[in-house]
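In the form predicted on its own, a lone chain appears below as structure tokens.
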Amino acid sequence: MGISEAIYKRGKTAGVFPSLSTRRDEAYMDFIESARNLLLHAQQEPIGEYSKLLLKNAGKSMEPDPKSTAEAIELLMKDNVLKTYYRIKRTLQESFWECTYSSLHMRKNDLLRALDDAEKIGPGSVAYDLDFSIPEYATAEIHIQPGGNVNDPLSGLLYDYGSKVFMGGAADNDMFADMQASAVATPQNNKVHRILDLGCSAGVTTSALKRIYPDAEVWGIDISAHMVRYAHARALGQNLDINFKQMLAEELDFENNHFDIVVANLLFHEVPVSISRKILSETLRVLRPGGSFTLIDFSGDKSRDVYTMFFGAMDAADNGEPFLPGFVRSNVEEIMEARGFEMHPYDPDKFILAERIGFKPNH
């Protein structure tokens, strides 16, 4: 069985994702995705207005400070409507992971052989270390994905298909990744020869960057060997020449001033703030003078009210995001500026994620 035949045994779903192992599983996941769109995504705005009204009627502060947030959690989670909403949110996520895990593991051996075979061919390359030491912070089951990013050999495929369901259609045909990659800043002289994607996971944004800059040398690094193995196979299926490597973003194995563009897409809220400071220092080191760094992630608490902080706290609890509240309160753009980046003005309300853009000074 060839690489493509093993990974895409039943074809592709939504243009790019490997189909699950049975039609029953796909039908069930279609149901979960539709339920999430109907019960969660479509209700998010009215649930927000309902929550804010409860806070107002109770005379609670709308300031996003920790004390007000704690009071909001205590008040709102006594409400039966909100308790039901957040229970459904958690249960639907648990359900789609259970189905994805069991379905892909039905053909685990074939999938692992396909990943092994993909390592031997190009375009592109993949490198990892069987003796790589995984820091404790990275062993959390982020997104409540079984095994998290590092402990299951199929974690790349699990993450990829899980993202499809989680995004409710926005990730289909890699549309979301293409939109994010198009927002990445170019260097000050517009010359792009080398690009680095930090915490690349399944390599979706990395591939989108390669499509925008086909002549550039593109690297995607991730803490998980399982992620970079799948990222390489996924890029291979699109005939994209990308280098993937297992590496800590806080200990980059690249020379000084090496990259024109560095990107971190939804990485920083998944690491402790102490690690994010190290990542920023390393990013500045490997970025050439005039090079750009684009950090795409959630906005800081200075642009939020207490309800959005409450929503974030509940997401952190129910979506397995232990470092999210700390990241939001760190207001990372201030850390970037303190580290030495020349900051581009940023709009915290643009899109659903904030893009902090920093340049390495030329002097």
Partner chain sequence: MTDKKLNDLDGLENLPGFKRGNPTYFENEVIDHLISITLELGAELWVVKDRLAHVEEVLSEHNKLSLDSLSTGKPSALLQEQLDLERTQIIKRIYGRLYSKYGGDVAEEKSAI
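All values derive from a computational prediction rather than experimental measurement. Numbering follows the first chain given and starts at 1.
Form predicted together with its partner chain: not shown, discussed below.
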{"query": "Contact assignment for its partner chain in the model of the complex, among 281, 109, 182, 91, heavy atom within 4.5 Å", "finding": "91"}
{"query": "Single option in 147, 168, 237, 187 placed near its partner chain in the model of the complex, where near means a heavy atom within 4.5 Å", "finding": "168"}
{"query": "Its partner chain in the model of the complex: contacting segment from 131-139, 193-201, 249-257, 272-280, heavy atom within 4.5 Å", "finding": "272-280"}
{"query": "All of 117, 121 and 213 with a heavy atom within 4.5 Å of its partner chain in the model of the complex", "finding": "no"}
{"query": "Residue 42 within 4.5 Å of its partner chain in the model of the complex, heavy atoms", "finding": "yes"}
{"query": "is_contact(residue 314, its partner chain) in the model of the complex, heavy atom dist at most 4.5 Å", "finding": "yes"}
{"query": "Heavy atom of residue 102 within 4.5 Å of its partner chain in the model of the complex", "finding": "no"}
{"query": "Distance check, residue 73 to its partner chain in the model of the complex, heavy atom within 4.5 Å", "finding": "yes"}
{"query": "Neighbours of its partner chain in the model of the complex among 25-54 [non-hydrogen atom within 4.5 angstroms]", "finding": "27, 28, 30, 31, 34, 35, 37, 38, 39, 41, 42, 43, 45, 46, 47, 50"}
